[in-house]
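Quick heads-up: it's one chain on its own, the form predicted on its own, in structure tokens.
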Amino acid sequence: MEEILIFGTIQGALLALLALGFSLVYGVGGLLNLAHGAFFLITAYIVYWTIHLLTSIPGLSYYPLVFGIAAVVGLSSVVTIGAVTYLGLMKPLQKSHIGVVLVTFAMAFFFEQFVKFVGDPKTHYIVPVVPGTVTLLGITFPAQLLALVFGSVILVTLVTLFISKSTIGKSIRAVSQDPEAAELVGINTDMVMMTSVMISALLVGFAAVLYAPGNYIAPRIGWGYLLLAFSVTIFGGMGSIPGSILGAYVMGYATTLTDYLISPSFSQIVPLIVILVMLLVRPQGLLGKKRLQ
């Protein structure tokens, strides 16, 4: 029971970061960004490449400093990629939702091939920035995962407060409720949409920075994280931020419970089962609003 509680919380913290940004972009513009998992992939690889480059410099061996620089480079890069993705690919096709789906799918495939071309198709290990282990409720796990939980809680709280309290956040909520009315009162909907994509990229980038250390990365990992974000968003409610957070932890405990009671192999198809069941039973998700036809 202790294992399910601890590792379910860890999994939920990761899923909250992945799903929150995915749901935000859909909630604001009704757009499905299938390059979402690729943002995780490219951030993790940029961090790995930067660490490898910096550690080759004589005298620069203090790993927390090296990782900190690599994290800043990775996060800055993915936010820039998010902005370019919106301006170059999503904005021109914004009125064609299937067009956005296809072009972001192509971009995700491009990033997978890009990291294979620049690096190699082998797996790579990123040394954790938080060393050692932590014992809680008799369960020992890597200290890096505790950093993931605390980091996720802080980031999710900050983004929620930003959207509910700030001027930009109020513009984001206005555009998500009625884009045409928001534009009529002077809100720059294109800027709001680009900001949403950048926030989404930043969240998934932080997920990579906090979770990739201590794990292996490979060119194919982006698709798995996309599936997780998609399934949580459908489960919690498309475009619902509270639903995404709730769905993340429910999914985290469900997959962890499946790991321990059935099989880790079976838990990998839990997200697919969730997508199918929710689309059939309650298409709007747990906290999503039913759209009028």
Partner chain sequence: MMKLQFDWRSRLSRFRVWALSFRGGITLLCLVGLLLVPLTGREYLARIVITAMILTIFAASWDLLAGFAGQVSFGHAAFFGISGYVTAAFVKFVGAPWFLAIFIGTGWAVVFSLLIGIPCLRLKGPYLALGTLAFALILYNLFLTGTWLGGTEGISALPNIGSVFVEFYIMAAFMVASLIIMRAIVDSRLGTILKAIRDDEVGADAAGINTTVYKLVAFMVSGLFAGISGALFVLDITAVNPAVYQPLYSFYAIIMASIGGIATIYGSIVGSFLFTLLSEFLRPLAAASLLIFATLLILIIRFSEEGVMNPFLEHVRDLWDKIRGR
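Numbering follows the first chain given and starts at 1. Note that this is a predicted model, so its numbers are computed, not measured.
The form predicted in complex with the partner chain is left out here; the points below concern that form.
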Given that the partner is absent here, does residue 109 sit within 4.5 Å of the partner chain in the predicted bound form, heavy atoms only?
yes
Taking the partner chain as it sits in the predicted bound form, is residue 227 in contact with it (heavy atom to heavy atom, 4.5 Å or less)?
yes
Does at least one non-hydrogen atom of residue 154 fall within 4.5 angstroms of the partner chain in the predicted bound form?
no
Taking the shortest heavy atom distance, is residue 96 within 4.5 Å of the partner chain in the predicted bound form?
yes
Looking in the predicted bound form, is the partner chain within 4.5 Å of a heavy atom from each of 103, 113 and 265?
yes
The chain here is shown without the partner chain. Which stretch in 125-133, 139-147, 219-227, 73-81 comes within 4.5 angstroms of it in the predicted bound form, by heavy atom distance?
219-227
Of 34, 246, 51, 254, the one that lies within 4.5 Å of the partner chain in the predicted bound form (heavy atoms)
34
